[in-house]
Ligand code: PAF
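Quick heads-up: it's one chain on its own, the form predicted alone, in structure tokens.
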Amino acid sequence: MISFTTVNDLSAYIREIKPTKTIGFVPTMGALHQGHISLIKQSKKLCEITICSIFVNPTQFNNPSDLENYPRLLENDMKLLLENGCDVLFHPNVAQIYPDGLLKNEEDYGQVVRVFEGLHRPGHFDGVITVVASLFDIVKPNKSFFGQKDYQQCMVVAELIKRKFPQIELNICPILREESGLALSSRNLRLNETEKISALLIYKALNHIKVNYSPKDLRKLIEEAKQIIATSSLLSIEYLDIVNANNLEPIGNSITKVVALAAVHCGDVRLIDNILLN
């Protein structure tokens, strides 16, 4: 595996390989787990060169303590990437990505950035759009790979690609879960054993929605799911809803794809999860 820390060095490498190699790109913030590795493996199946970036992006954190506490485990991450056949690691510092200071996207991306994560984390998606656009410009991939666990983020990236990078193919890969059902997340590292047990209720609630889903009585189903989560005093719900999976709007009469989305605080750790219902 080749490792780069500067845009100039990575760009020189890409100029050399781009004419003859298909590039797959997996952008991450590190603290890698098997969910990330599943993206690496999918990229390796579909592309000749797989590039992974590790960059904890300051502009997508609206809570300074969340940024400060985000796990940084570069040595372990590099070992995982090497073991799983990643070809290139790009791990720049902030100045490499933001040479002109911490600027954010100011373009209006509509409904998809205003609800759920966008509502509860103001400016978050502007930071995501900025950093992903910057990384796409640098890496120039043919295909990009994102995890379904960050469902709304995938939709935001899809809109970014539609507007500015139509040459890049977006691949959304399924959520990986522990045997218990807990969605794999870098934030799980911050949970103690008691909190981990409580966090299982998030998937239990979402699965209850999936098993019992009917568009006729959504409010009742959502309340039942919330009651499941409320059985633990360690959990507090930020949002839990069932919406159109294509645009995150309320469900109409001709919906073909529906998703249940949740954000829940477990102690001091904020966890998100989702499940497609049909």
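Keep in mind that what you see is a predicted model, and the values were worked out from it rather than measured. Throughout, we count residues from 1 along the sequence that is shown.
The same protein has a further form, the form predicted in complex with ligand PAF, not shown here; the description that follows concerns it.
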| property | result |
| --- | --- |
| Heavy atom of Gln153 within 4.5 Å of ligand PAF in the predicted complex | yes |
| Partner proximity in the predicted complex: Phe136 to ligand PAF, non-hydrogen atom cutoff 4.5 Å | no |
| Phe146 within 4.5 Å of ligand PAF in the predicted complex, heavy atoms | yes |
| Proximity of Ile228 to ligand PAF in the predicted complex, heavy atoms at 4.5 Å | no |
| Which of 212 to 220, 40 to 48, 53 to 61, 231 to 239 sits within 4.5 Å of ligand PAF in the predicted complex, heavy atom basis | 53 to 61 |
| Candidate from Leu81, Val131, Val113, Leu201 lying within 4.5 Å of ligand PAF in the predicted complex - any heavy atom | Val131 |
| Residues of 1 to 37 having any heavy atom within 4.5 Å of ligand PAF in the predicted complex, listed in sequence order | Pro27, Thr28, Met29 |
